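The chain below stands alone and is given in structure tokens; this is the form predicted on its own.
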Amino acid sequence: MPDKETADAIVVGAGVIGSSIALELTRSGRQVVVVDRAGGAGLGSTSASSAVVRFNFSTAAGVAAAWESYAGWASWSAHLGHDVGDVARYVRTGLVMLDVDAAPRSAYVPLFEELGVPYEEWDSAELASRVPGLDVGRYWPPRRLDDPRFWHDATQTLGGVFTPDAGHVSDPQLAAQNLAAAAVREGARFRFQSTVAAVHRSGDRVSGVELDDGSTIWASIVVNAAGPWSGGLNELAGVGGDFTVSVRPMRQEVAHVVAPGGTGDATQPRPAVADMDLGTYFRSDVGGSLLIGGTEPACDPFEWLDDPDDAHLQPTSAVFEAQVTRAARRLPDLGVPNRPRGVAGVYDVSDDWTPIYDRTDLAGYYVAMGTSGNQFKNAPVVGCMMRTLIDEVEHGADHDTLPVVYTGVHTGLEIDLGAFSRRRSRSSTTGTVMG
């Protein structure tokens, strides 16, 4: 590679979010270079994602972005715009969000009505009928396995809200690779196994980045989509002093187990279940298996990291047992294996579990951060939103005063990008993974 390279824009991070942004910026006519420390696209947080696509968010912008993105996943090849070989598939299973005090139906059903997201409200009898083998007991709040109350019988039942168009993406890493390949077809250049060592300025504007091999890429636009390393990149750039929301790396695990009879198989997957009542979620996977993750209940310690490179990327017995045992309370026929199986990764988590898609006080330096945990599903639209934001701000828009609005090409819905501001009020969200 040359010691000095020029571009119109640099995207740091080649996960599903960074690759989506690179594709859209390249489509806008810009020369784009993508830098990533890994050896290929989607090898970081993206590869540890459960890739669930749901619409249950507590803000209109959150619901609208997820609904617009669903249309992109459902027509994935058309969204890519190029023949890139093997492509990720969207698996439409539907998802039922079980009733829970922390995220009542009243928080999101009115938004479904307003924005046109199809849904069904199920009582406990309908829930038991539609998801065979499911225990419909109410156990709130989630508890640790060593709490005797975890094993108490339920005295009440619960229902849920079913969204038939929800589902999951078959291979999250492949989805990122698809976006990267489409971006390359549009003219983007990718530099893998490269780490940003410095962010350069010219006056009050970003002017490029220096890599760990000593080479420099000059550009007047830099987008931080570095996932768990996004906070460190902001420190290099000297930005973040005006942020009201911060991000931190968090280690997460997703368990993989054999599904009990009747909960789904490779040919007829049953609905995914979001179960904040017990602090878990699960969805079908290939070969008659289940992916099981946690919903970050208050009773569990969060595994925050000072340095994402310190993460142990193997599943642990303690987390595996907790997640699978909680799922087994909901699915009594589910076995809890002795040996953990699944994936571990590092997420980039914001204080309120809502991403930051915004400009910064350094002209030309933009952020798409705090995305892990619930933003994989929005990858198709995030590239479009960031392109719109960058276009508008670079042409003089004062996004901090009058937020930019993105209009979805599939749904026609207007998405107020101020909802993802670095300066937002944290009271505007639930502060949970629901956003």
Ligand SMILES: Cc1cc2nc3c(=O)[nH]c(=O)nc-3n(C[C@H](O)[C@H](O)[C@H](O)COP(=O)(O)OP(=O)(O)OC[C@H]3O[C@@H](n4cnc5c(N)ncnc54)[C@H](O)[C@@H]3O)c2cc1C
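This is a predicted model, so every value here is computed, not measured. In case it trips you up, residue 1 is the first one in the sequence shown, and so on.
Below, we refer to the form predicted together with this ligand, which is not included among the displayed structures.
Residue heavy atoms within 4.5 Å of this ligand in the model of the complex occur in exactly one stretch of 125-133, 328-336, 139-147, 252-260, and that stretch is 252-260. Just one of H410, H399, R37, R30 comes within 4.5 Å of this ligand in the model of the complex, counting any heavy atom, and that one is R37. This chain is drawn without this ligand; in the model of the complex, the residue among L389, V52, A64, V381 with a heavy atom within 4.5 Å of it is V52. Although this ligand is omitted here, in the model of the complex all of A48, A226 and W229 have a heavy atom within 4.5 Å of it. Mapping the unseen interface onto this chain, S194 counts among the residues with a heavy atom inside 4.5 Å of this ligand in the model of the complex. By the criterion of a heavy atom within 4.5 Å, Y406 is excluded from the residues contacting this ligand in the model of the complex. When this ligand is considered in the model of the complex, Y281 lines it closely, a heavy atom lying within 4.5 Å. The closest heavy atom approach of F376 to this ligand in the model of the complex falls within 4.5 Å. Contacts to this ligand in the model of the complex (heavy atom within 4.5 Å) from stretch 12-36: V12, G13, A14, G15, V16, I17, G18, V35, D36.
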